[in-house]
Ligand SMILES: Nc1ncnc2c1ncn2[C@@H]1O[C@H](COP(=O)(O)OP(=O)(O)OP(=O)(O)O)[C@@H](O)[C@H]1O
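Consider the single chain below, provided in structure tokens and representing the form predicted on its own.
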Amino acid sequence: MSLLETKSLTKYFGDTHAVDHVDFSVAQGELLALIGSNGAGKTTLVNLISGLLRPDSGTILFQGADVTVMSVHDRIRAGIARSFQLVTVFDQLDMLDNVCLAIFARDGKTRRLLSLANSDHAVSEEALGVLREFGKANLLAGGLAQGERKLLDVAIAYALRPKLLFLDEPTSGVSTREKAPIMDIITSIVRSGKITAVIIEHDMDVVFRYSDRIVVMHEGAILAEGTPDEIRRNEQVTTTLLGTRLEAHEHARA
């Protein structure tokens, strides 16, 4: 059953067909990887679905309802969330207050940014619960290493209580050693919380190891989709997109 579906979704920027009549679907409960080279249209597609851009034409359906012209905040209330979408990491605040801010925004409450955790006991308890799920202590956000900042960003998006969560390159900028622990935490929380997730990722090791299904974009269109094994064996994908990256991944598996 499709949780999200786009029908002939289109967005042009001048002569550039960033998203060109794309039919894209995400099944309830799956962890889907959206991949493609730079400029393939991945980010534009996610921006259209999350409401940051309006399509030139086409339809976006979420849980069967048309959300094509719905605002970003209304999509969040409906259950569509994205890392970096609503709030950003405030370095001057601690991790707890950053998560509290997301909860306040989710609930449409207006609060000062300072001492958020002390201003609403229910919100602070919920935020503490989110940090515990991610196995994190309450540290000042500005002092976090890149991997910890990535997890805080995911925790902020997770605090929006999404049904569908888009994660934009959750392992970018972190060391190879940190990638598996970060993805292990993310996938464990996503699956235990019965959240449907879409990761936009360039690291093929991460893509093949953690995703249930892969959608490949190229020049604004969907080039291929299937299980990791099906994509790995797809000669058109290998030739057009993955090339030496896929070969290197296969080499590492051998």
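All values reported here derive from a predicted model rather than from experimental measurement. Heads up: residue numbers just count along the shown sequence, starting at 1.
The following text describes the form predicted in complex with the ligand, which does not appear among the structures shown.
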- Item | the ligand: the contacting residue among Asp94, Glu178, Glu148, Glu169 in the predicted bound form [heavy atom, 4.5 Å] | Glu169
- Partner-free chain; cross-checking the ligand in the predicted bound form, the single residue of Thr196, Ser50, Thr68, Thr43 with a heavy atom within 4.5 Å is Thr43
- Based on heavy atom distances of at most 4.5 Å to the ligand in the predicted bound form, which listed stretch, 186-194, 206-214, 224-232, 34-42, is the contact stretch? 34-42
- Message: Does any part of Gln236 reach within 4.5 Å of the ligand in the predicted bound form? Heavy atoms only, please.
- Response: no
- Could you tell me if Leu9 has a non-hydrogen atom within 4.5 Å of the ligand in the predicted bound form? no
- At the 4.5 Å heavy atom threshold, is Val22 in contact with the ligand in the predicted bound form? no
- Query: Going through 16-37 from first to last, which residues have a non-hydrogen atom within 4.5 Å of the ligand in the predicted bound form?
  - Reply: Thr16, Ala18, Ser37
